[in-house]
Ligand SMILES: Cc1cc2nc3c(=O)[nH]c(=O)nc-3n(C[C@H](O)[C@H](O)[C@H](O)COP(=O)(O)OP(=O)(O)OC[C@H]3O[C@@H](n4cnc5c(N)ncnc54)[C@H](O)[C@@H]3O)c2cc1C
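Only one chain is given next, in structure tokens, and it is the form predicted alone.
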């Protein structure tokens, strides 16, 4: 039996960051990857946000196209809006805004790359620091002695001993289950996400899409679908919580692909499908049960993806680093109890990951009720939004008349929009500005004013008289 100070199950970004940090802190560390190399078993691509460069500057400056050929920076995001007839009724392009304070984020919104390149790249930092990487090894159980966790067992029965095990083994975490921290996620805590990966010539992507990094397809006939562009291809995927599907997820993904507008995009990009993928992704209001005696869960295993859009790479790396630091301190003090490892929760809550989860429930609720409820919400939201955004460009009648028509049409959506705003929007605003509520108008009063304002709009045009 081989003995270590720390065992990490999983060699994704979180596991590799934990292994790197642990080795740098002098721990004899091993981390396991079930595939032939890190990234082989993962969903194929990811978008990396600017805060990764802010949080891990010395590491991320090493991520270049030479190290990661699929890398593509993008400064624009396109939002498509699809109505109940499957027609793209409009789109809005967004770029970094004037309020952005971190310099790199003023130039690009994401760096996109394939996990098959990114994961091995980050794992090299861990092995360079002295951690041992064992590929093609599936960990199937936790090793226990007198009821206490003391290591892991692989699929061949080989045992590895260590006082602390970090679970970085994804959504279906063996470590979480065998440690008793969680049997399985509830159906409203986890999503299933199918996606198509397409090849497209790099020159086509650059010439046609320009500096677009990604797109979101907001629709009344399928859950919100994401599109991410890489150097030589792109993903099209969508997801929803397990309790929200009424048909096979591929039925809805194929609805995206079969849109007339989308087929045109595939044609002009000369795109060819490469692979169909599917993965499970935890999506929680707030992480819980993240540690026990001798065990810490990080990344997807701990339920750390962002509560708004479920981005998971950054939270995995942050929690991986913290877990290794807590493990090093616990081993030094010879106290690996649940109480000692509770410092993990104390520390991640003080980071930007913790700050994200301060409004986790409100972010989760509004996102679940808006783009992921096509029939209930998007069926009225898309036409209402496009009425406001697009109606003014109609030159068929005088603009003043069109504005009145638009206002009257928007008013017709208020019976559905107002309850939504009351139930989801105001709780989010109140949570975000909870320290400044005295400076914000009372939500109840504001909601009572909006219909009155709409009623004040003139129903008949008053004739102007020329001055004599």
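Positions refer to the first chain, counted from 1. Computed from a predicted structure; not experimentally measured.
Below, we turn to the form predicted in complex with the ligand, even though it does not appear here.
Remark: of stretches 204-212, 82-90, 170-178, 69-77, the one touching the ligand in the predicted bound form is 170-178 (heavy atom within 4.5 Å). Proximity to the ligand in the predicted bound form, defined as a heavy atom within 4.5 Å, holds among 340, 129, 266, 281 only for 281. Of the residues 431, 41, 411, 402, just one reaches the ligand in the predicted bound form with a heavy atom at 4.5 Å or closer; this is 41. Although the partner is absent here, residue 164 sits far enough away that none of its heavy atoms falls within 4.5 Å of the ligand in the predicted bound form. Mapping the unseen interface onto this chain, residue 149 falls outside it, with no heavy atom inside 4.5 Å of the ligand in the predicted bound form. The ligand in the predicted bound form comes within 4.5 Å of no heavy atom belonging to residue 182.
Taking non-hydrogen atoms only, residue 47 approaches the ligand to within 4.5 angstroms in the predicted bound form. Each of 34, 137 and 310 places at least one heavy atom within 4.5 Å of the ligand in the predicted bound form. In the predicted bound form, the residues of 1-39 lying within 4.5 Å of the ligand by at least one heavy atom are, in order, 9, 10, 11, 12, 13, 14, 15, 32, 33, 34.
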